[in-house]
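Below: one protein chain in two forms, given as structure tokens, structure 1 then structure 2.
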Structure 1
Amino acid sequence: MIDKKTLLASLLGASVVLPLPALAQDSSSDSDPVTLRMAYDADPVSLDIHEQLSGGILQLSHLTHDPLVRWTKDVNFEPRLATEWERIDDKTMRFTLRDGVKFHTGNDFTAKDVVWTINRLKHSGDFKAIFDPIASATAIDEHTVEIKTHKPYPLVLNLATYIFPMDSEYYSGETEDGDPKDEIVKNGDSFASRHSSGTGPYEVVSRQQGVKVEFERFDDYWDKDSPGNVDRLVLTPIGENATRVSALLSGDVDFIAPVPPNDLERVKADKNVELTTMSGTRIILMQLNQKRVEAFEDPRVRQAFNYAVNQQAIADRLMKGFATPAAQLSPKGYDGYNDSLEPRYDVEKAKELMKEAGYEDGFSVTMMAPNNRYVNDAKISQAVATMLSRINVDVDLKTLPKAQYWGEFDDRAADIMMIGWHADTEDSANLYQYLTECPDPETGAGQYNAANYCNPEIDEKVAQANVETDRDKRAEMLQAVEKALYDDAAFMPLHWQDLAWAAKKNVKLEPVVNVMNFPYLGDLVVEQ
């Protein structure tokens, strides 16, 4: 009886449903606008994409602007506003720009906007350090730009992913108050922090800082081949992890990031939403301060510490599989990634090394870690402290909120300190520059080297790699550096944090996310 009923119902249903797809197609051209409501843990601090070099600002940059080139999923380059590029000589790279691109104001995009943007980047407090290698940018004609570097520089394309041309005409001149429209103000109001004109897929319609930002699809967007069909984006910052997840599960938003590891299972189990994860590029490591602890000057002690820590267990149990155990700084995909390096967990070996070094009975050290900066940071530091107790090292651990932690970090206030690092250039050399090079306040090298580790030989190798423009040769050099650091146990690598996004089933996130964590939402498809 029941069977018959359902059969009948499905037959009836089928006959009714059949004509519908045709109807739907008819109206698709002027169908309801597609709105994506998304929640991030924070909203962008400013609309000025040169005010701060941060994940939030880069995510915004990819919405309102377009870079010259952008990263693909497998960490390669994809043409955007630059269609072609060629190396003229060691120090010069020539970019051909896309034709027929318009800014949100309607102005045409030309070479002079690119030159203007690069000059502005060189004046931005946050960006000037990474744009330092660039000597000049010149417009050869309307659609050709030449970028010259001071020295032979292999990473011009990496830098080009940061060049999001701004509408130079729009930002020229002065505001009513007499301030230049292009000024970059870190603390205070500026024209650029409240107004935006780029070539990107979305225009900002309204913005209430800390509450929401609304975007609308730019009608004259150049990329007509983009499959993206989202007409309206509403970005709400939801700082509280549990609330962000609840907002997705209750259907109040369509897309959230990041997904807190404690809620991964809950999100995965929900049948209306889909979880997308990916191995990330942020390395979490511990630095052993040689200036504070004499024992850390002995490479055997540093190695012993590395042998004592079980990265796999931390990744599996603490991070719930939400991290990739690391034995080096460079994540997979970077030129410096050396696939022969494996985590070396072996407590017996660690004990042996400690004995050899004359520290069989261990010693006491202090350790500090943030407790709200990285995923599970405080728990990880506790786990490491426990693991070190097996080689008789007594750890006095203190965890602090990030606002206080960085002050302590700058003071190098503990013998062992935790740090996470993501290379702004998506290149291994950046990792060495900040984390392992001999600290030098003059050049800013080793700014975050709280180990005070210093190996001039390795630094020299990095310097050589930094002027090598042949990518394969350079990769080989960087991998050798990675191996040398591993053998010398310059630091204790723990893992690369995974990335996670979650969205409703009809939001096709998978194709637009990447390890850099700048989802290309311009290409996002939401099925109706």
Structure 2
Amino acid sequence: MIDKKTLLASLLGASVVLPLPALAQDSSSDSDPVTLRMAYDADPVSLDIHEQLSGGILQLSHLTHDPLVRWTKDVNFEPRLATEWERIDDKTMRFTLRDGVKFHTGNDFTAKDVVWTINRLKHSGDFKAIFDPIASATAIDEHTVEIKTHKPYPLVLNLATYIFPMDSEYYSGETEDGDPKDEIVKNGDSFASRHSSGTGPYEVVSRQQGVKVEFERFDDYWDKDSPGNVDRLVLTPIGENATRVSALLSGDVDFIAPVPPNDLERVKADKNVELTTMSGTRIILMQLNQKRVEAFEDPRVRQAFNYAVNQQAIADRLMKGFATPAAQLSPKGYDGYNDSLEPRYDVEKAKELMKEAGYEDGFSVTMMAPNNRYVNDAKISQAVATMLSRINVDVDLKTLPKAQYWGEFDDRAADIMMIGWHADTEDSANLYQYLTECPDPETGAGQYNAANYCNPEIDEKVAQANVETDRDKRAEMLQAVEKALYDDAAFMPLHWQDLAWAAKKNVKLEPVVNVMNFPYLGDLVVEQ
């Protein structure tokens, strides 16, 4: 048994460690409050759910807010703050909103909050590209909203999964310092980054960035049919994989994510713990910055880098088979998935291309990657650096904790940068909009395109697909986009990362986890 105080002190890096409460099944009464102690690899970078488009922020959104609609486990739509929806014409969708919903402040939820939230999303650097098709949002009455698009658009319901209405009254006006309360400050300090008022199942009651976030069940939460019985959540970020697993197996926490591939068997063997796994759709890739390295402007060099990397070896050895080697962005099941594309590992071919491009002797590059965001991210980046040395590319690699990495990523601070992406609209076009479209700060296109890759012809194909309402035709168009990106070697795809969570046996995780990796913890049941 690991000494709990010693373990937690090392995890939190704090001089004072507060004791974590025991699970309620240790108490004498079934009516005692239920606490879930959870450990993720990192905590949310902000409380502002529009500051960053990331898995961590969307996980937070499902705790503190509710979307208009949300994905089910079988990737269909279910009502949340919108109870009904109907298409009025080819550019207009009408949503009927749930009555009697309260924000954490006690303010009533109405249509004006939805309109206010959509307008804010359209001004968010990270979200504006997704919401660019939206022309307007109008409150018809207190519980009816109409969303109009510029052109016929087949993915309005997909977009609605991103609309987590914020408390417009709470975020209106100015702070004592004269700053707008609705201001979005990327990687900075703002009212919204430190304060939260949503309609979700949990309120944030305490937060120490990088140390601990505490949530309590919202007494006036609207969903009285939810089976969830957890009264308090304590989220402790534990970046080191082995330490996170040890915290679960020793009983210091009740639920962890992710479970690293190296520890899957160890967790599975523990009779007190339940392991839940799922095939994933998050693509892990490297981006080659063409503005920083002239050689990356040559598609032959980009192709050579792709031929130099052995995705299968990374999936087998580092991920222990808990990943699927990738040759494209779209995973199987997405309309854009092109089954003709295969990973292209061939070192000799890579050397030929480098010679043909005039770089037989190679060159030096810098590389950055996170070390606590994706499964085995630091080890994967080291493996890629080693593989590139075989074609005489000298890589200066730097890995950083997630909280520091994203600022460097936004600054495009290295020649090669790692990114992982899950299309939260569950649609291929989302991948292209953020990762490969020509960067445009005005529209938000290419917001996470650290390669500064730009191919207007491919972007036009994506734009045409986005207004095609015939699904079969649209799928053909998206698959053509994947083939064009593959031929142009727009990026270095590595693999699609599988998902794994683990919890004590009385924590019933399976019903609330999903391929989006947004556990619906408001519905979580802990047996007592």
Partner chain sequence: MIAFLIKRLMHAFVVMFVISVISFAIQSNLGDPIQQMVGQSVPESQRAELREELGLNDSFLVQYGRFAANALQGDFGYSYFFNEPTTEVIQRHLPATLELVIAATLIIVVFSVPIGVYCAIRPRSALSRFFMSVSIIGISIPVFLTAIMLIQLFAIGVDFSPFPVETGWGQWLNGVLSTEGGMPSYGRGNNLTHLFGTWDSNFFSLDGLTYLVLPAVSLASIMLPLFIRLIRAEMLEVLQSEYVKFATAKGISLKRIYFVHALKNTMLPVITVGGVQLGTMVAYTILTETVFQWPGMGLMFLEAIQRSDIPLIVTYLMIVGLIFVVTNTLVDLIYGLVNPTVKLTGKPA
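For residue numbers, the reference is structure 1: its sequence is counted from 1. The term rigid core refers to the maximal set of C-alpha atoms that superpose within 1.5 Å between the two forms. None of these values were measured; they are calculated from a predicted model.
The chain appears twice here, and it is structure 1 that represents the form predicted in complex with the partner chain.
Here E176 does not count as shifted, since its C-alpha moves by less than 2 Å between structure 1 and structure 2 after the core is aligned. Comparing the forms between structure 1 and structure 2, the C-alpha position of Q59 differs by less than 2 angstroms, with the core used for superposition. Rigid-body analysis between structure 1 and structure 2: the smaller part rotates 31° against the larger, C-alpha superposition. The two forms line up on their rigid core, and P331 then has its Cα shifted by 3.8 Å between structure 1 and structure 2.
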